[in-house]
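In structure tokens, one chain follows: the form predicted on its own.
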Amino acid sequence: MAVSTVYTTQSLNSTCSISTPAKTHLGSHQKHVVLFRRTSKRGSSGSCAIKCSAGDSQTVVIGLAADSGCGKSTFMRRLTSVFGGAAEPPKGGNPDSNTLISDMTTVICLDDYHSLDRTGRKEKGVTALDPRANDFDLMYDQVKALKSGVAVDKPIYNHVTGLLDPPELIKPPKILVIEGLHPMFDERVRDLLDFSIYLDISNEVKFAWKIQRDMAERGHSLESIKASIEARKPDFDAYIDPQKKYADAVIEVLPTQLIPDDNEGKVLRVRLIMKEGVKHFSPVYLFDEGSTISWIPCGRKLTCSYPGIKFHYGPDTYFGNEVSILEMDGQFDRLDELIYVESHLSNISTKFYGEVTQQMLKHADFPGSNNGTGLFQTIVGLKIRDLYEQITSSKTAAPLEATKA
């Protein structure tokens, strides 16, 4: 039997949430949330007409895909910082909520759309990466609703207990970021994205990062981490990695080429792969757009200890798409000198000279702040801000043009 709940928020007039059970791929059930706006004329009887509403919101949806332990959380902190305000869990809600809310952004973890809890996945013999363990119908319905300016009751997957907790109310933000394993897997969800990013971490680097995170922060043993990686690899190769061909931007993290036969993984080579022809997005370039350039910036204006720093920029193809690639190999000794590199980059969508350097210094304690991961995450964050401003400006201008016509 359907359950109806009425919400009243500042951004929405009297809004009805109707939850109906929907069968998932493996036979368990979740609630689909369909929202309607109630309207009634003054002086009419108690009944009212109910109609679907797109609301007045102009929510821009960003998708971020990556495997577990690949830097999504750090990227989210850099991104939300660009828009201002600290990203925090919903106030007064579940302390184990995965959602982060700031002044302009709401970040939803797509783990919340697991259709099976940890025990259920074990019983069915599937990993969280397997599409059958996730409810893409509900994911699509709720992302579409939020993009249309309608609040939803989003489920919560509890990473501490491994259980599916009661849902939480999510109101449509100005910018919605959906991050996790499958933001580009389902074509319906993919079509809702205004911009998409894939974090592509090489196996060597991924292993080192996952050990650091899961051992230090989650108390996992080295043996359990190794077993988890091996168990996930077939599903990662089948369901997660192929999504990068759909991404508008890919941040690829590889071992350095500056140190022969390097096995430590402390120095990284990072490539920012930017698809050409994406609406509201112009790729970053070094010195001269469309040229092929190698640049060693070390010298009087940039301090470089061994093994130094090397940049490369040029056009290329990626899964059949024309792309521009900006690459950095090595790491910074002094972040305050990053302004020298920033001054040679164009199309970085800063609002003032030195904004990239300022953001990097502001989060100097974040992982990757001394190499290309932090630099390119920061630049992509600024590009997303510019994309949001272009989209909202075009939506605002459209009604004015129609009025003039």
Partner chain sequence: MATLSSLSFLTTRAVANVPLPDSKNGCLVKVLPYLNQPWKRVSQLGCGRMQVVRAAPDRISEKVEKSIKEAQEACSDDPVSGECVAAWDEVEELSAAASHARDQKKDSDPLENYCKDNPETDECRTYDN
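Please read all numbers here as calculations on a predicted model, not as lab measurements. Positions refer to the first chain, counted from 1.
Absent from the display: the form predicted together with its partner chain. The rest refers to it.
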Check all three, Val60, Lys171 and Lys174, heavy atom within 4.5 Å of its partner chain in the predicted complex: no
Stretch from 138-146, 271-279, 123-131, 330-338 whose residues place a heavy atom within 4.5 Å of its partner chain in the predicted complex: 123-131
4.5 Å heavy atom contact, Tyr198 and its partner chain in the predicted complex: no
Touches its partner chain in the predicted complex: Lys91 (any heavy atom, 4.5 Å): yes
Pro260: touches its partner chain in the predicted complex, heavy atom cutoff 4.5 angstroms: no
Contact flag, Lys245 vs its partner chain in the predicted complex, heavy atom cut 4.5 Å: no
Position in contact with its partner chain when the complex is considered in the predicted complex, options Asp153, Glu252, Asp214, Asp186, heavy atoms within 4.5 Å: Asp214
Candidate from Gly290, Gly299, Pro95, Gly85 lying within 4.5 Å of its partner chain in the predicted complex - any heavy atom: Pro95
Any residue of 150-164 that, in the predicted complex, places a heavy atom within 4.5 Å of its partner chain: Tyr157, His159, Val160, Thr161
